[in-house]
Structures are given as C-alpha cells and as structure tokens.
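One chain follows as structure tokens, the form predicted on its own.
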Amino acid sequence: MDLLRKWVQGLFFFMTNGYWNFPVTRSIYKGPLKVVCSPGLNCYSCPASTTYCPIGALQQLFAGIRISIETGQFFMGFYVIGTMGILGGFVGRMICGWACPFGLFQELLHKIPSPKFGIWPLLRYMKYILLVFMVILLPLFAIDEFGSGSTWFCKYFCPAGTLEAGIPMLLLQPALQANLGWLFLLKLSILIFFIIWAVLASRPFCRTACPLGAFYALFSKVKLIKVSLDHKKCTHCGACHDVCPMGVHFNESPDDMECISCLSCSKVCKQNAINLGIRGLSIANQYKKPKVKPI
C-alpha cells in the first residue's frame, strides 16, 4: 500500500503540473483545464500547473464578494467551496497524504539524513488561525478604495507558491528580478524555514501552517473514506505512535483531525486492527498474517 501511495502521489503531481511547454512560452498555462480545482496545495501561477489552487480561489471568492454585491453581480463562485466540500466529505485529509505536491515535497525532504525532532502539539492550531484570518477575514474585510480584497495568504506567506511559482518565474522572466523587494525576501525566508524544518521534522507545513489541510480536517468525523480502528483487536502496543508522519496516536484518537490516511500505522499493526474503509467496510489492510505450513 505504501508503494501504491507513492505512485498515486506521483500521478497527481504530473496531473496537476502537466504543462511542460513553459520553457518555450515562458509563461503560465491559461488553457481550459485551468478551471479545474486541484485537490492539493498547488500554486495557480506555477508555470507547469494545469489547475487552480483551492486556497487561492477561496481567497479570490471572499476578496470579490463585497464588490460583486455592490454592483449587483452575484456570480461569486461558490462552486469553489462546493468542490472543496465534496473532496473533504469523501476523503478529508487523505488528500494531504495522497494527492498534495507540497506534501510529497516535504516527505522527500524528511528522508535526508539528519537528527529528527517532534513538533509541539499546540502548533497544530496555527493553521486554523491562518485559515480564518488570512484566507477568509482579511480578504473579506481588508479592502482597497475600490472595495476589493487581496489574496493575503498567497501574497504574504505561502511557501508552496514561492517554490512553484515565484522562483521559476524569476528564472523564466529575468526582467521580473528588477522588481524584487522585501516581500519576496520575506516569502523566500518562509520557504527556506520550512525546507529546513521539513528535513528535521515530518511534514511541518502540513501540521502547523496549511489552511487547506485545516479545511479538510473539519471533515475528519464525517468523511466517507477513512482509516478505522478495530478496538477489539487493538492491544495498545503503541507501534502506530512511532511511524505516524503527523504525530497522531491512532489507537487513542482514530478520528484525529491530523490523520492524512497514509496507512503507515496499518503497516506496522500486527494485530490487523487498522483498516482503510468506506464507512466501516474494509477496502485495504497492510498487515498479512504469515501462512502456517501444515505439519
């Protein structure tokens, strides 16, 4: 199952970043696929991106609501929330573990040999603060003289945007380098910080600062496809504690909002107590009992 997850992660990476003509055009893709919502955090302005980022689109939605109402134009794109809600309702944060390019990037960084550290549990709540303030409230209420808001998270914070769009576009269009200022240095510093942190700790951006992960986490108790625990089989050995990339103690909190359904816990559970299923109906299990040869 772990090998399958890697293949799925790679597939989603190439599906959402399939425009490989950008070295010739030196610009971002603006074709018909650009109206498709990427399930994971994948910057709209990445030159290879064929989809739009749900967090960027959500900010655009709230940034334009006021001016849309004032001008009597009620085409406010609530399909963005609808698409994200459908994805969350079906799989929740499984998207983080199976379909997010920036999540895959952090996993690869964590494989670099180095001392490894945990993450202070209270930092998990910072992503909810970023979701509420930078994605919803600031675009909605911090408006300019024309009544329009701004994409605060994309503009001032998102390290995925800097990695996927900011740096590549500077290389493709060197003339943009003349406009570099404190804002780019700020975002570059944030990216470098999370890169170093990802080497030392598992998925730090996902666990502390990703508003998309925070949104999907809201569906942890109601999502259709989820990892479940058979309490009768569980011996509370704690093996699942040591392998979880999100710091979840699955046997203690099987509906934990941090769970990304990567199935690392199922792989080490020798009691066959952890399964991926559709509302209780098991569809995948990592552990296979060894066959006993007849005497």
Partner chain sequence: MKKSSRFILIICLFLFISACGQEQATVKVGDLAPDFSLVDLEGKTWVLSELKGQVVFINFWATWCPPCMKELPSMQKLYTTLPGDKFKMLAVLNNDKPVVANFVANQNGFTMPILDDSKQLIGARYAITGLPETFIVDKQGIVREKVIGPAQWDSPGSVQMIMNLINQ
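Numbering follows the first chain given and starts at 1. Source: prediction; values computed, not measured.
Form predicted together with its partner chain: not shown, discussed below.
_in the model of the complex, the one of Leu176, Leu218, Val132, Ile225 near its partner chain [non-hydrogen atom within 4.5 angstroms]_ = It is Leu176.
*Using heavy atoms only and a 4.5 Å cut-off, determine which of Val36, Val243, Cys237, Ile67 is in contact with its partner chain in the model of the complex.*
In short, Ile67.
*Can you check whether Phe146 is within 4.5 Å of its partner chain in the model of the complex, heavy atom basis?*
Judged by the heavy-atom cut-off of 4.5 Å, Phe146 is in contact with its partner chain in the model of the complex.
*Can you check whether Met169 is within 4.5 Å of its partner chain in the model of the complex, heavy atom basis?*
Although its partner chain is absent here, Met169 would touch it in the model of the complex, with heavy atoms inside 4.5 Å.
*With heavy atoms only and a cut-off of 4.5 Å, decide whether Ile28 touches its partner chain in the model of the complex.*
Judged by the heavy-atom cut-off of 4.5 Å, Ile28 is in contact with its partner chain in the model of the complex.
*Should Asn251 be classed as touching its partner chain in the model of the complex when contacts are defined as heavy atoms within 4.5 Å?*
No, Asn251 stays farther than 4.5 Å from its partner chain in the model of the complex.
*asked:* Looking at heavy atoms inside 4.5 Å, which stretch does its partner chain contact in the model of the complex, given the options 265-273, 251-259, 43-51, 229-237?
replied: Looking at the partner contacts, the answer comes out as 43-51.
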